[in-house]
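Coming up is one lone chain in structure tokens, specifically the form predicted on its own.
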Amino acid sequence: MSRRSFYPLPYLLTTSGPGLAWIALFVVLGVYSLFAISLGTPDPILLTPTPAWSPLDWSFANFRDVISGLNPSGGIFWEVFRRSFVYIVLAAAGCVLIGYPVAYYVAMYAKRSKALLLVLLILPFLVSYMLRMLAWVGLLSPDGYVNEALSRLHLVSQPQDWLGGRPSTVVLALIYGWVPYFILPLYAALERLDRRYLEASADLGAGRVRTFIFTTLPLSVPGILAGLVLIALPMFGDYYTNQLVSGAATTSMIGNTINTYIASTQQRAIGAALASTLLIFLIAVLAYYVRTTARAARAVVR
């Protein structure tokens, strides 16, 4: 590609300048403020965190406390991180098991009903996430419709306390809340799938099952990964889902722990350091995903 095919620098600055300024103001500055609080020292009198805006004033004491708390042998944060990881893996697996058949059917087989199905998939985005979780709080309450239906079917002898700190309730709530965000990118990937590969597989004698296993599924892996990244990263910081459907310390996730420390004036610096550590971890995961997908794309081009 010649140099003349690129847009001139003034044009790029004019078109992308406002967006870059917005990102710099509300993202970069916000992240730097988070790290400034994490690397600051508490006020000796009020014991409130004092941000360290200059790198010369940085103190890594809060990060050392967080790292020591992540020690598997007795660290105060280790159990929370382990529990969060287990919940998120189970919720992500549930989103794949539920979302893949839906996205596959809409992309491959839905004809006249495709527009209606897409509207139904987009509808959850028009309702507040918290309102959808509050609806489940009403359904899962001791006198809610779930216990009533189970009692009428004689599946339970007495109302179950679904909101009393059950890990299964938290995992199912995470699946319900985030599965729409997994379906849409996967549907987009399946919709863009080159149908000639499927026709070639059929011409070579492969049936529908073998075509799906050896052709469709491998080609849809980028869409699956995109959907998993889109739902897994926010799950690490999600605290209101667990708080609404459980609220028990035995099911507390990393987002709940960060929220607890941030709400405490004297422990706010530890909460900021914990959030900064989580942010670094998620950036590393996202960088690995971007690198892997870029490498796969270059391999396809070649």
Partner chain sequence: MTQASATGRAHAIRLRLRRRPKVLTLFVWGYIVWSLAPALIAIAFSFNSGKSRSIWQGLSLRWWTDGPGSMLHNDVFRGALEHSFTLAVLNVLIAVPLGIGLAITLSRWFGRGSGAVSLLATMTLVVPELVLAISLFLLFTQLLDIVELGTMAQVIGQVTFTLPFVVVITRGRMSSISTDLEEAAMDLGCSPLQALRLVLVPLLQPAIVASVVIAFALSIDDFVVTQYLSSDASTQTVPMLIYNTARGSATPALNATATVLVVVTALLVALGGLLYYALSRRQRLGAAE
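Keep in mind it's a predicted model, so treat the numbers as computed, not measured. Positions refer to the first chain, counted from 1. Take the two forms, find the largest set of C-alpha atoms that superpose within 1.5 Å, and that set is the rigid core.
The same protein has a further form, the form predicted together with the partner chain, not shown here; the description that follows concerns it.
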Taking the partner chain in the predicted bound form, would 181, 233 and 282 all count as contacting it (heavy atom within 4.5 Å)?
yes
Contact stretch among 170-178, 85-93, 218-226, 149-157 - heavy atom within 4.5 Å of the partner chain in the predicted bound form:
170-178
Answer with yes or no whether residue 193 is in contact with the partner chain in the predicted bound form, where contact means some heavy atom within 4.5 Å.
no
Close approach of residue 37 to the partner chain in the predicted bound form, 4.5 Å, heavy atom:
yes
Partner proximity in the predicted bound form: residue 109 to the partner chain, non-hydrogen atom cutoff 4.5 Å:
yes
4.5 angstroms heavy atom contact with the partner chain in the predicted bound form for residue 294:
no
Which residues within 212-239 place at least one heavy atom within 4.5 Å of the partner chain in the predicted bound form?
233, 237, 239
Using the rigid core as the reference frame, would you say residue 26 shifts its C-alpha by 2 Å or more between this form and the one not shown?
yes
